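Next up: just one chain, as structure tokens, the form predicted alone.
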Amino acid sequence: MKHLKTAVLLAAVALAGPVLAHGDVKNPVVKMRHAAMKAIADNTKVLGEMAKGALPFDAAKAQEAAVAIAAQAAMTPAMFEDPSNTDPKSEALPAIWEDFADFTAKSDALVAAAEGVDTSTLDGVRAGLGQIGGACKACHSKYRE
């Protein structure tokens, strides 16, 4: 149970920052990136709420959430390709463009984690959530303020 709580907390922390800190963003590409990160956060929250019992387990909803996370993660590198798309309110670090291949690999790892979630069981969701949280943290710890 401690592992589950840690995974839920990691996912929430990794994803909550971008959702809360960007109300004044002006650049439309940066706004799009923030919306994508919010979608990942919202869908991770669905899985997390199921994992801790705050929402009843629903395999179909879990599958929808995992598919949405994978889809947004797959689009992430394209949203960051152009390093000139910046905004003073963005927390994206220049390291993204300094090592874009690694940034892309980390995005791919999130895709793989989301696609690998066994959404047919609550235990599968719990295990998969840890993988998703780890993938989010790996990227955010290196590429986000």
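Throughout, we count residues from 1 along the sequence that is shown. On a predicted model such as this, the values are computed, not experimentally measured, just so you know.
Omitted here: the form predicted together with a small molecule. The next part is about that form.
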4.5 angstroms heavy atom contact with the small molecule in the predicted complex for Met37: yes
Partner contact for Ala68 in the predicted complex: the small molecule, 4.5 angstroms, heavy atom: no
In the predicted complex, Cys136 touching the small molecule (heavy atom, 4.5 Å): yes
Partner contact for Ala51 in the predicted complex: the small molecule, 4.5 angstroms, heavy atom: no
Answer option from Glu91, Glu64, Glu81, Asp58, heavy atom within 4.5 Å of the small molecule in the predicted complex: Glu91
